[in-house]
Structure formats: structure tokens, C-alpha cells
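Only one chain comes next, encoded as C-alpha cells, the form predicted alone.
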Amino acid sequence: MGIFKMPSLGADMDAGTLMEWKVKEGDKVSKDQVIAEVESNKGVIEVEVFEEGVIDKLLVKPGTTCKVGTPIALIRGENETSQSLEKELEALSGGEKEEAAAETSEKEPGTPKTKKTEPATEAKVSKSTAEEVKISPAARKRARELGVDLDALAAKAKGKIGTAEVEAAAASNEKKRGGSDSMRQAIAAAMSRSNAEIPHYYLSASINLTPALKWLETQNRKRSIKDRILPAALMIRAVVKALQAVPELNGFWKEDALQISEEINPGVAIAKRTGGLVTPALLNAQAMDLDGTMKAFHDLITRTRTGKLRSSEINRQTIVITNLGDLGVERVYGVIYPPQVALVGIGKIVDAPWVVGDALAVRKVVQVTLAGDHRATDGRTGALFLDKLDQLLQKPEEL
């Protein structure tokens, strides 16, 4: 594998804090194994490896903040040695020093050097505080994840501090600040970039959901409560099938060209309990049936809200689906998350007049919108996608 670097957990991420190693030097690791927890502006994310190897050396201690791309571990692959990895790391470090020297030489004479920023360390409390208040190891870890000041909390606490006290303090802080500051900043940066770079076009379609909802009701009567399928999962599955028919909307705009992805990894917008919004991906959703989609969707929501997302779920989205219908919104005009080229918005299901033959009837109707990148596709492509989505939802048994 070679040098394992601080991963990018989104286009808006500049740095991350290593919270915990899940492995030690000498451990064998396999593909998709979680080896570390990293805190970014999206929360604490589990970081995986994508090849087999042996942990040769851990370069960064827990609590250290590193820029994206900073070497944090050496992982020895089948044809690698410790010596070859050290030489590779030395060569990489030498190149970085040369770049830094070049930047310094370009500065005007007399320009003061920038003071080096020390890496952040894990959450600690003063000796006097630690002597007065007992703080459990789990609480210390949770405080690091949520950014809670243990000194301030210990000053107000009576007796032992556990995770419940830490989470209550975090919730109180978020309420005072009006949400997650770092996450709002990250979202603002990404959306500003999107508006500046992407020429959006918008399309909207009214879709009759009565056949799909009746079919779903019939299916759910045969199931236990825990195995029932939500309309949201049905919509996700329909979007995935529509993307298989119109793949141009599933991919990225990179190097002035559309790159269509073979994988369909829809990012699903989920609100976090501590504030902010994340869009983790349902990975390889094209390989799932409707039941698999529902299970994966439920699992994704649970892990998002308990801080157990994986790095692959944060940085491999190929399109985003945002559903604001539960909040009463009838139409969603979203902003594309670069370098993706499309976003699907799903509104509230409402009773609406619908023409059936020569008569007027009432049907369950949803407004589905598409935001497209005009550099990658045009309105005709978007219209084909919405038309295919409509067709699929009229025959839910085929999903």
C-alpha cells in the first residue's frame, strides 16, 4: 500500500484531526477495514483502507490535526519492505521541503516568516480539575468528538462526568451557537463554490404516487414493523433505476469533461442531531434491491446520528438526493455539490387534482425536481431522467 495519508472527506475539507487508531503496528489489515477515526467538519468519520497489508508504522498520535494529504501511517504491501517505505517517505518529505523553500524564496525581502501552527492535541483537563472530578475514558473521547471543553464542564460538575454529561453540554453549546459553526462554514464554502462554478438548470415534474403507495401499503401489511419499507426508500430505488437508464447524470465534472461513474452512490441528505446536514452515500446502490435499499438507508441514518460514518460514505457520492417533504416543502431547488453534476429534490406528497381519462380525480402527487450542471448535460437529458422516474413509479412491483 505504501504511505497512507490523511484522507479528504469532502471537497470542502482542508484538514482533519486523528481521534483514534483502531490498529497497532504489526497488525494485518484487509480491504475495507476501519483503521482510524478522523474528525472533520462533518463529524467523526471511520477511515478505511482499500488494500491488504501490514501496519508498518503509525506516524501520527491521536489528537493531532493534519492537513489533507499528510502521511499518517506506513502500510507495507506484499512486495514492499520497511526500508522501501522509509525511503518513499523521506523522498516525499524532501519534496515538500523544497516546495516550502521555493515559496519562502518568492517572498519579498524582509517579509516575516509565518509562525508554525502546533497540531491540536486531544481533550485534556488540568491536574487540579482531574483531582476534583472523575472523568470516564468514554467521556473524554466523546468530548474530543463533540469539541466540549472539559475544564469548563468540570468546573460546573458535581461528582463524576460521563458521556451523558458531555453530550448534554454539547447540545447546550450548539443551541447557544445556533448550530454547528464548522459545518455551516464548510457548507457555505461548498455552496459558494457551486454557485460560482456550476451553471445550473432546473426541471420539475409532478408524479402520481398513488399506485406506488397502494402497492407499498399492501406489501407492508405482510411484514413486521421493523421490515417495512418507507416511501423514501422506494424513491431512492426509483432514482437509482432511472440513473441506470440515464447515466449522464451520475458522475463528475473533472478536467473540463463529464466522467460518468459505473457505481451509483446516491448521497442522501440527513440532518445530524447536533446540527448541520451531511449527505453520506449508499454505496453501490445499483446492486441493491428494494429491501436492500431500505436496510442500507436505515443503517446510514442510524450511523450518521451516532457518529459512525465511514470515509468511503463521505467522499464517493455520485449524485445527491434531498427529501424535504417531511418538513412540508413541496418543491426543492437544490444546489449541486461539486464535482457532481446533478441533484434530485423530493417534495411533500400531497392530495392533488389529477386527470384520469375524461374525469378529474384526487391522487397522491409529489413534485420531483432536478438540478443539472449545464456543462455536462442539458434540459433534454434531465427531462428523460424525470420521465423514466415517473414510469418506474407507476410500476413499483418492478423496482
Partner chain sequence: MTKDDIKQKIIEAIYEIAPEHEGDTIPDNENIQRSLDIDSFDFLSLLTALNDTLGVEVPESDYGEVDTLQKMTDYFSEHMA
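Residue numbers count along the first chain shown, from 1. The model shown is predicted, which means the values in this text are computed figures rather than measured ones.
Another form exists, predicted together with its partner chain; not displayed. Remarks below refer to it.
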inquiry  = Considering non-hydrogen atoms and a 4.5 Å limit, which listed residue (N220, N284, S84, N208) is close to its partner chain in the model of the complex?
reply    = N220
message = Only one of L74, A238, L309, I229 gets a heavy atom within 4.5 Å of its partner chain in the model of the complex. Which one?
response = I229
request  = Indicate whether H200 is a 4.5 Å heavy atom neighbour of its partner chain in the model of the complex.
outcome  = no
request  = Please run the contact check for R193 against its partner chain in the model of the complex: heavy atoms, 4.5 angstroms, yes or no?
outcome  = no
ask   = Can any non-hydrogen atom of R316 be found within 4.5 angstroms of its partner chain in the model of the complex?
value = no
task = Indicate whether N79 is a 4.5 Å heavy atom neighbour of its partner chain in the model of the complex.
result = no
key: Which of 240-248, 200-208, 220-228, 260-268 lines the interface with its partner chain in the model of the complex (heavy atom within 4.5 Å)   = 220-228
key: Residues R273, H298 and L327 all lining its partner chain in the model of the complex, heavy atom within 4.5 Å   = yes
ask   = in the model of the complex, which residues of 366-399 put a heavy atom within 4.5 Å of its partner chain?
value = none
